[in-house]
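First, one chain by itself in structure tokens, the form predicted on its own.
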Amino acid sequence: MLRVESIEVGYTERPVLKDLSLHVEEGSIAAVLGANGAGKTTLLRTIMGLLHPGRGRILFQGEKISHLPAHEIVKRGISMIPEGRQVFSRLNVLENLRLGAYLEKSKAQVQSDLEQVLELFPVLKERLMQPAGSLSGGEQQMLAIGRALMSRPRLLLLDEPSMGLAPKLVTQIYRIIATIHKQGTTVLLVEQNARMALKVAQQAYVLENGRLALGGPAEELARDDRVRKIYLGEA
């Protein structure tokens, strides 16, 4: 579904991602692991069209998208849940969700999508008129995921979905990710919580200093001595 081919990306003249290649199979969950500063968020921002590679290219369903702006990439079926959730705190839950459907012209389709999201997140249904800024961290993460689902993505990008959440909430969020995947959405997530990511993913990649250090089936990476020592905290 997604191919990243030898991209180089930077915020200044100095590249953050260097000759990076990876792919995501349709219908899979793929995880990108790495420490802070490894380039994980830069990768997602580049796929989403918020940054553009100086070299290399990105293909989605066979179409080159690395030159497209973000709104065109959303039209093609990719949505992103950013690190830190970034909900519109002064707007209520319903308004936040409807913003996710800004490309959809049909009111009936928006209502149908809204009902599906609220079925997935019943707690949001109880808080529809509540300001998003008053929600707990876990509820805001659910809202951010729900808002992204309102555009009916074929590929969902998640940036550090477990960040700042208690372990019980992390487990709940990952159950929701697994449910979204079972419903037919392909998922690419970046995480520092390697243990959780490797449990749900089929493919996994490890970034170090903007380069691909390891890649392969998630089960194999979970058994790799280097991954176990550095990312899983095992001796």
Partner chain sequence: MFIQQVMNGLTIGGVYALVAIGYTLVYGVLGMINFAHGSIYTLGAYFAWTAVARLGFSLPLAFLFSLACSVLVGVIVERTGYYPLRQATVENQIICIFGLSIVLDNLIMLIWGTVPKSFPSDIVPDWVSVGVAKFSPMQAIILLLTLVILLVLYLLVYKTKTGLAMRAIALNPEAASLMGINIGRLRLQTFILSAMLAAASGTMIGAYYKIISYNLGLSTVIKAFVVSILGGIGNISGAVVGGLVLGQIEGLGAAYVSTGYKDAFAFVVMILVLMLRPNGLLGTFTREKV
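Fair warning: this is a prediction, and the values are worked out from it, not measured in the lab. Positions refer to the first chain, counted from 1.
The discussion below concerns the form predicted in complex with its partner chain, not included here.
Only one of 161 to 169, 97 to 105, 134 to 142, 111 to 119 places residue heavy atoms within 4.5 angstroms of its partner chain in the model of the complex, namely 97 to 105.
Residue-level contacts in the model of the complex: of M196, I65, I176, L50, one residue has a heavy atom within 4.5 Å of its partner chain, and it is L50. Contact check for V123: every heavy atom lies farther than 4.5 Å from its partner chain in the model of the complex. At least one heavy atom of M80 is located within 4.5 Å of its partner chain in the model of the complex.
Within this chain, K40 is remote from the site of its partner chain in the model of the complex, having no heavy atom within 4.5 Å. Interface membership of Q130, defined by any non-hydrogen atom within 4.5 Å of its partner chain in the model of the complex, is ruled out. Contact residues in stretch 68 to 83 (any heavy atom within 4.5 Å of its partner chain, taken in the model of the complex) are A70, H71, V74, M80, P82.
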